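Below you will find one chain, with nothing else, as structure tokens; this is the form predicted on its own, and questions on how it binds or moves follow later.
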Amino acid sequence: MSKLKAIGVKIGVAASAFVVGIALPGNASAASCGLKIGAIGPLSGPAAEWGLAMVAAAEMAAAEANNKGGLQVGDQKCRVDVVSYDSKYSAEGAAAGANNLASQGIKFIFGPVGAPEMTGIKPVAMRNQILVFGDSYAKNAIGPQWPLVFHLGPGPNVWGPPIIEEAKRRWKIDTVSIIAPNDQGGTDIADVDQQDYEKQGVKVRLEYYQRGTTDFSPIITRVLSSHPDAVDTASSPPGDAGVIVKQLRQAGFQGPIGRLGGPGTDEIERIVGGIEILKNFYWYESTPTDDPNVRELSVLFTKETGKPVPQGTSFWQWVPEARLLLAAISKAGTITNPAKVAEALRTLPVQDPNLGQGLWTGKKFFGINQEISFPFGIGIIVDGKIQNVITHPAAEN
């Protein structure tokens, strides 16, 4: 079993095509009130790995509170329950999910995942005064006009440059072809990736595809005809990226393949058929995955929830934010006033027992300091052998 496969275990969270209420273990009898946290994200399809990881992180934070007798809110102990919704990685799905959760009186939503979903959820969240803690690399993921919307972590303008620098140090990369979806979830990231590469003297060629594409051979043919030194799958969902990489290798591409758009290497390796076929690969890891304190989160998840951890590494990035959201609700002393919770959230230090020291950022890029930044990782595979993930400290956006 490769190191990547050892990191990822089989998906243990049941995906649903619609709304799923998740009953969590814990000392419910000690709780004197109830708090529902919404969790919206892709629970099926090529981006399911990301959404399932997000739901699992919300479950874990809830279980941590419940197993202590409930979340302290004012003079009450509140049992925390997670209500998840499969948004299918679409703006329409995220908007429908937010409307559904709003109809249940839910005032806090964890997720969604990706630029299309963030675009769909923000108007609904603001109309219903819901606090959102989402993840997206879109250029307008957050902003002053959405004071109740918080951001999981920085985009490729922060972590792209050091990853490209590391890749260039290992391989000759003077030209690169970037392949991404032709919507905001792809174009915003590809545009920033292009700037990151060009600042380091790499010529860029862009290729976009329609979501739902399963045969990438026309794009692969065009890419190979341009003879790039490297190909980057950018923010393509892990399922799509796996097919792209597989078809690139089957077509004879021997150069390094990058992924400046999000974790999911274990799923890509599964689709491709092995780490030896990935061969030379570089990517963004949302956490330093070789850090024992970070990996401990998987042990804690099973201990707190009694369930196997979800596949992939993005779960480790979501847990600190879920803990922070509950800490803000506790500090604010209310489960019905998101504005007051947002005010409390902005004052909390970014410090997690597993991910270490982080910081609030976002003012320069988004105009609002509502983004969490923790240390991240640079993943490298050389000649079919995975290297130690390089830890990079938390950086400002």
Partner chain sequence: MDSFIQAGIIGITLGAQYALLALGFTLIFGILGVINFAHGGFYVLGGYFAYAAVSDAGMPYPIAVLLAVIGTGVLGWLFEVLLVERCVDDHLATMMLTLGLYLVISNAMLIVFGPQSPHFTFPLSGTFRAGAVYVTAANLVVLAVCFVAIGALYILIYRTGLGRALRALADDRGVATAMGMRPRVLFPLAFGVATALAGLTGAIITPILSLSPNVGDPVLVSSFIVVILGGLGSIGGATVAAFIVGIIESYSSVYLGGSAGALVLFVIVLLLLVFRPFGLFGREIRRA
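Positions refer to the first chain, counted from 1. Keep in mind that what you see is a predicted model, and the values were worked out from it rather than measured.
Below: the form predicted together with its partner chain, not depicted.
- Of the listed stretches (361 to 369, 36 to 44, 64 to 72, 324 to 332), which one has a non-hydrogen atom within 4.5 Å of its partner chain in the predicted bound form? Only one stretch qualifies here: 36 to 44.
- Pick from P218, G306, P144, G201: which residue has any heavy atom within 4.5 angstroms of its partner chain in the predicted bound form? Exactly one residue meets the criterion: P218.
- Task: Note which of Q311, Q317, S298, T289 lies within 4.5 Å of its partner chain in the predicted bound form, where distance is taken over heavy atoms; exactly one does.
- Result: Among Q311, Q317, S298, T289, a heavy atom within 4.5 Å of its partner chain in the predicted bound form occurs only for Q311.
- Task: May I ask you to check whether G212 falls inside a 4.5 Å heavy atom distance of its partner chain in the predicted bound form?
- Result: Judged by the heavy-atom cut-off of 4.5 Å, G212 is in contact with its partner chain in the predicted bound form.
- Query: With the partner left out of view, is K88 within 4.5 angstroms of its partner chain in the predicted bound form by any non-hydrogen atom?
  - Reply: Residue-level check for K88: yes, a contact with its partner chain.
- Query: Are any of the heavy atoms in G252 no more than 4.5 Å from a heavy atom of its partner chain in the predicted bound form?
  - Reply: Yes, G252 sits close enough to its partner chain in the predicted bound form that at least one of its heavy atoms falls within 4.5 Å.
- Is R127 close enough to its partner chain in the predicted bound form to count, meaning some heavy atom within 4.5 Å? Flag for R127 set to no.
- Message: With the distance limit set at 4.5 angstroms and only heavy atoms considered, check whether K77, F108 and L355 all reach its partner chain in the predicted bound form.
- Response: No.
- If we check its partner chain in the predicted bound form, which of the residues in 263 to 302 reach within 4.5 angstroms of it by a non-hydrogen atom? Counting only heavy atoms within 4.5 Å of its partner chain in the predicted bound form, the contacting residues of 263 to 302 are E267, R270, I271, V272, G273.
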